[in-house]
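Shown below, as structure tokens, is a lone chain in the form predicted alone; questions about how it binds or moves come after it.
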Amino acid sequence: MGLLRMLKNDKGGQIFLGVLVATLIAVPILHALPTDHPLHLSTYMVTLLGKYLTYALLAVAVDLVWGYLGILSLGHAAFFALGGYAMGMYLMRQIGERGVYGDPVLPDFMVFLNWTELPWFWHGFDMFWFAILMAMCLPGLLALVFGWLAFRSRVTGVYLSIITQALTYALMLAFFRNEMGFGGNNGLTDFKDILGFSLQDDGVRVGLFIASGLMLGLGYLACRVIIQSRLGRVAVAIRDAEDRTRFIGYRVERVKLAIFTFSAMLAGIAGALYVPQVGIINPSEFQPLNSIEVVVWVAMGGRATLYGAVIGAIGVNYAKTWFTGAFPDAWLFALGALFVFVTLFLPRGIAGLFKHSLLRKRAKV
């Protein structure tokens, strides 16, 4: 009953969750059809859709802090990548003697670099539950430390955005170094299986797609619970009038820190689901351009709606996939034109257009 009450005034969220459930049911059925059937969905498409869902979860995490807290984070790619590296470390530990050098403990890149023993921070990643825990806790801990330092110093606006961008850039440079123990420039790859099941198996690909969809739905609901709680209402007040909210007695820094940390953990989960589907994680995932691109997804889909972030993430990435195939020499210009069009004619994003039409219908009634 509480969930239904929460979604009662969230028409867009109801539609999104309905479509998500229908997709999670339809995709496995279409994939199971014979390969010569016109409605058959290939393994490649299932994997591609699963990747889009992880991007959508990342976009929801960004929309939570940007749309409802007013923090324009240009560093969420760092949280996404840290979650991906945690899962990548688990997948590397599962390779064992099947690696190129046949070492039962050390990953291939460590053998190549003449490492003699496993670094202390790799211990525990042979267990799936530990990797999942680290995929949430490592981004959350980084966000907690960073946020505590930044928010208590009352860094806001464009200065905070620049600092978050500097954070992810610094991590990118660090992970490029071989002595860090994360594969350097090549990163982590050549994964074999997860939980004892081959990553090349079609059933595993479908399972990862379903897991991504379920986490997207749960992440959306968790964010919706936060938004409609007292914490969320205070967050919106901070977004609209931070000084006034502080003057009436609210601990603004604590509210920011709590929501920022939760958002980072969501981004880490998205990264952990992303890696087994794409088969690689390297320092390029940290690059600031990725964080900026996520902000573009949210802006195009519709800020402060959550489901708009999902629309933007899936829509932009599908457009990117289509444009790179249809116009390989001009796809960047096509995407740029799409962004300019939405900015000029749909300032509230695609979800804003939906909200406007819904309000017009209610006015007529």
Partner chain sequence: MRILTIIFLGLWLNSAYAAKVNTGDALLDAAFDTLLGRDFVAKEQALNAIAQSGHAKADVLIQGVLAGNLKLEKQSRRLVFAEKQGRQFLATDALNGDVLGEFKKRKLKKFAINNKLRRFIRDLIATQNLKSPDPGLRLRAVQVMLANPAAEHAARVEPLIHAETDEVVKSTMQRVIALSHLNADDPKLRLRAIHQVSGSLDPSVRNQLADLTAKDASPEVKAAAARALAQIDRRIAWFGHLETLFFGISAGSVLVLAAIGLAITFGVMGVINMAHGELIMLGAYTTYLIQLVLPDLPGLSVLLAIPAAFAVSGLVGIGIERGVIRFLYGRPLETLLATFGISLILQQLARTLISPQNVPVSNPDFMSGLWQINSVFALTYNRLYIILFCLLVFAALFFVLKRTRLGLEVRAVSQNRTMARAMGVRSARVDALTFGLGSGIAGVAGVALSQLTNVGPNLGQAYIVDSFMVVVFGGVGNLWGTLVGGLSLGIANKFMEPWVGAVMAKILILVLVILFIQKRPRGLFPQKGRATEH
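Between two forms, the rigid core is the largest collection of C-alphas that superpose within 1.5 Å. Numbering follows the first chain given and starts at 1. The structure presented is a predicted model; accordingly, all values stated were derived computationally and were not measured.
One more form of this protein exists, namely the form predicted together with the partner chain; it is left out here, but the text below deals with it.
A.B. asks: Can you work out whether residue 177 and the partner chain are in contact in the predicted complex, taking contact to mean some heavy atom pair no more than 4.5 Å apart?
C.D. replies: Answer yes; at least one heavy atom of residue 177 falls within 4.5 Å of the partner chain in the predicted complex.
A.B. asks: Do residue 121 and the partner chain come within 4.5 Å of each other in the predicted complex, heavy atoms counted?
C.D. replies: Residue 121: no contact with the partner chain in the predicted complex.
A.B. asks: Quick one: is residue 198 in contact with the partner chain in the predicted complex, heavy atoms, 4.5 Å cut-off?
C.D. replies: The answer is no: residue 198 has no heavy atom within 4.5 Å of the partner chain.
A.B. asks: How about residue 170 - does it come within 4.5 Å of the partner chain in the predicted complex, if we only consider non-hydrogen atoms?
C.D. replies: Taking the distances in the predicted complex, the answer for residue 170 is yes, it comes within 4.5 Å of the partner chain.
A.B. asks: Counting non-hydrogen atoms within 4.5 angstroms of the partner chain in the predicted complex, say which of 161, 277, 261, 282 makes the cut.
C.D. replies: It is 161 that has a heavy atom within 4.5 Å of the partner.
A.B. asks: Given that the partner chain is left out here, which of 133, 166, 105, 100 has a heavy atom within 4.5 Å of it in the predicted complex?
C.D. replies: Selected option: 166.
A.B. asks: Going by heavy atoms within 4.5 Å, which of 66 to 74, 310 to 318, 45 to 53, 27 to 35 lines up against the partner chain in the predicted complex?
C.D. replies: Heavy-atom contact with the partner occurs in 66 to 74.
A.B. asks: State yes only if every one of 12, 19 and 22 has a non-hydrogen atom within 4.5 Å of the partner chain in the predicted complex; otherwise state no.
C.D. replies: Answer is no for this spot.
A.B. asks: Heavy atoms within 4.5 Å of the partner chain in the predicted complex is the criterion; list the residues of 13 to 49 that meet it.
C.D. replies: None of them.
A.B. asks: Using a rigid core alignment, state whether the CA of residue 346 is displaced by 2 Å or more between this form and the one not shown.
C.D. replies: For residue 346, whose C-alpha is compared between this form and the one not shown after core superposition, the shift is 2 Å or more.
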